[in-house]
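Shown next as structure tokens: one chain only, the form predicted on its own.
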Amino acid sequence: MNTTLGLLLAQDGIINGTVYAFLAVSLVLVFLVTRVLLVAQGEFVVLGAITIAQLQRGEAAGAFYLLVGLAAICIVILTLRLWRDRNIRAWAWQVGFCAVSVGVAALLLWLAQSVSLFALMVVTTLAMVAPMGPMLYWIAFRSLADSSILILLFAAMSVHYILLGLMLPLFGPEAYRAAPYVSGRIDAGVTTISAQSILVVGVFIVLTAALWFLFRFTMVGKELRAVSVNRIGARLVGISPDMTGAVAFALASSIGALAGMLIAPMSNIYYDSGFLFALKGFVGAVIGGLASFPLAAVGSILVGITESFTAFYASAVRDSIVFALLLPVLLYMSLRKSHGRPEEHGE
């Protein structure tokens, strides 16, 4: 392998790893706040990618029909819970959120189909995909909030397969690919860097800075941090786990949609492409210990680079090698935990 080829493979791995980092960060966020391993995070990526491609083609956006269906189911479930909880205030803002989300998405969709403006298409895609996160939380996870991680994992797998079954008739089996957002390349010594790749990395840097500001300086971010550290203690001081769970899912669905829009011009996206994206993001999150956003991002970059080089040398077993990265990490975590047990008993 020469230097030029190595740099090209490394560049491709960094870009793919950055996309996986979007998923890893959102998976860690949801897990820390709600203890849910959000297997369906990949579906948000697919929804973002396919929706922006459909809007560019001038087609009807299937994500809007999914949003309307989820909103209707959510309103019914919230209304049934009202008879049990008797919390009219919470019911009002949650139902209002569902209704307003559908109304705003419908208005933006009409504008996007009337005016071919890329920025409007991006906002419309986010408006259709982002509200699905809180809706799925209220539908599938709110009643199971105090259940074990295993039960929450079963619920997450169920949500994944239900969404997968709904997306096939909505989008069909064909592949979608968006038109490039930016064009051109930049010469960097012995290699070149595409403008699209720079856009992906740049957006991730901006997202990282925005999340840092959110968790450091805003009340919502501090509440999310409090729940991730001690759920019971946060509840005792008046922090609503229902609100923080919905916010975490909203951030996850927004990040997933953003990642989908970024990857849409770079590869063909099918209705069932999300599960593999989520698995590779999960590998990156586990490498980071499912507890650190920077380590999850670094782990995802490692996954992307490993995938790129193994695709060149051993494409037939590329995914197997990527998932094998979990083994040394899990072995190290189990050894560290076993070494900690005697000290705990001694205390």
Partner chain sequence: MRKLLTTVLGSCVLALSLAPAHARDEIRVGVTGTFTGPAASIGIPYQQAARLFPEEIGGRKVEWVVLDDGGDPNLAVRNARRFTEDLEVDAILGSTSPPGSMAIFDVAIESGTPQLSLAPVGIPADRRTWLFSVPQPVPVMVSALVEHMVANNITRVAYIGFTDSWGDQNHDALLQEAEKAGITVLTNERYNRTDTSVTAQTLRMLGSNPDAVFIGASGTPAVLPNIELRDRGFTGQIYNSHGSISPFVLRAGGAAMEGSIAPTGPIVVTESLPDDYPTKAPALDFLAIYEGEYGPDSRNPFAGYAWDAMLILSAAIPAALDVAEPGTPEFREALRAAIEDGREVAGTHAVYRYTEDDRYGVDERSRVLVVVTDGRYEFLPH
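Since we're looking at a predicted model, the values are computed, not measured. Positions refer to the first chain, counted from 1.
Below, we refer to the form predicted together with its partner chain, which is not included among the displayed structures.
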> Does residue 9 reach its partner chain in the predicted complex, with heavy atoms at most 4.5 Å apart?
Replying inline: yes
> At the 4.5 Å heavy atom threshold, is residue 277 in contact with its partner chain in the predicted complex?
Replying inline: yes
> At the 4.5 Å heavy atom threshold, is residue 242 in contact with its partner chain in the predicted complex?
Replying inline: no
> Is residue 270 close enough to its partner chain in the predicted complex to count, meaning some heavy atom within 4.5 Å?
Replying inline: yes
> Among 24-32, 293-301, 65-73, 52-60, which stretch sits within 4.5 Å of its partner chain in the predicted complex, heavy atoms only?
Replying inline: 52-60
> From the list 146, 187, 85, 174, which entry has a heavy atom within 4.5 Å of its partner chain in the predicted complex?
Replying inline: 174
> Which residues, if any, of 16-39 lie within 4.5 Å of its partner chain in the predicted complex when only heavy atoms count?
Replying inline: 16
